[in-house]
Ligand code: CP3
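Coming up is one lone chain in structure tokens, specifically the form predicted alone.
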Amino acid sequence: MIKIKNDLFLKALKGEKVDRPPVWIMRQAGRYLPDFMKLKNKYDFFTRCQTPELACEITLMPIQQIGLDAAIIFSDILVVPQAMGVKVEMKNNFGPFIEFPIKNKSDIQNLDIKNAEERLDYVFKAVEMTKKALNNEVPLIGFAGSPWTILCYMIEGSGSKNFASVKNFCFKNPELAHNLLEKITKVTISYLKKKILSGIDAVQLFDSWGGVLSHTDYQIFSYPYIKQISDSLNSISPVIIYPKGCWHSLSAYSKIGAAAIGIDWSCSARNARYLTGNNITLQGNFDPSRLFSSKKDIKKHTLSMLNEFGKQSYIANLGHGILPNTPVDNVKTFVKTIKDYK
């Protein structure tokens, strides 16, 4: 196996000793970078996702310009429902939009999950192209949305503050909800396995909307499906689980063989270490809004985060995706503070 020159990120995932924590940023290949905005003005969102050359170019931008310790392939969690036959648009200043969301049993039955991963071939081509371009400098991360988070979009048709209509659907029709979750899980496993075969070094599962569920309902509608995906991938790739707003399940996630758990800013380092029994690598959890602070404050808060988590079994990151209009120099201050940490 070819050795990656900067393998800090992979070492941290294995819980091996490191001189400093590795750092990457959720949504690092995106809307705060001027070069990304040039491409955004030229090509629509899914054209960028579906054109391997563009996805590769965008993935490399933060590595070349900010100097992070890992790249994450430019794509979107909603390519999975697209591959299942759902028409997804990305509307400017609005976000994801599905004109015909899932409403009933026949909508679920009509989903085309047979060989869905073949319809995602453009992602695998982007991975292969990017791995070649990275030339083993840093590892490459692949990702997918959790089945619950994908279900939220498929039923709601867009983002939402509380997904009340989604919960309404699931609580009234639990059998249909589980049928849909099973289908999403099956496609996601095939998709991620093929992504790993294409050259991905680690996988992250985004449970962005897990926090809208109560602890009890989370154990019913989200956790079992994430566990199923994790179980099927653990032996072939390190898996990072990012359950936003779900501190109640950190203990359970620490015991399923995943490599790391992503922590959002609502959970302190101390609580996260306590809840996970200090036996798994943690990732996070700088508030993305804090990157709008002065450079002096960014440095102060970053050092505070590093001191609280400690440098071993830890990957520095934000608690959620980087926000648009974040000053690039502020991002560089955040990254430099981590790289200089001893």
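None of these values were measured; they are calculated from a predicted model. Position 1 is the first residue in the sequence shown; the rest follow in order.
From this point on, the text means the form predicted together with the ligand, which you will not see here.
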query	finding
Candidate site 28, 36 and 95: all three near the ligand in the predicted complex by heavy atom within 4.5 Å	yes
Proximity to the ligand in the predicted complex, single hit among 77, 113, 197, 133 (heavy atom within 4.5 Å)	77
Partner-contacting position among 40, 290, 311, 299 - heavy atom within 4.5 Å of the ligand in the predicted complex	40
is_contact(residue 153, the ligand) in the predicted complex, heavy atom dist at most 4.5 Å	yes
Contact test in the predicted complex: residue 90 vs the ligand, heavy atoms, 4.5 Å	yes
The ligand contact in the predicted complex: residue 208, any heavy atom under 4.5 Å	yes
Non-hydrogen atom contact residue 143 with the ligand in the predicted complex at 4.5 angstroms	yes
Location of the ligand contact in the predicted complex, chosen stretch of 200 to 208, 232 to 240, 125 to 133, 249 to 257 [non-hydrogen atom, 4.5 Å]	200 to 208
Within 44 to 76, the residues that have a heavy atom no more than 4.5 Å from the ligand in the predicted complex	45, 48, 72, 73, 74, 75, 76
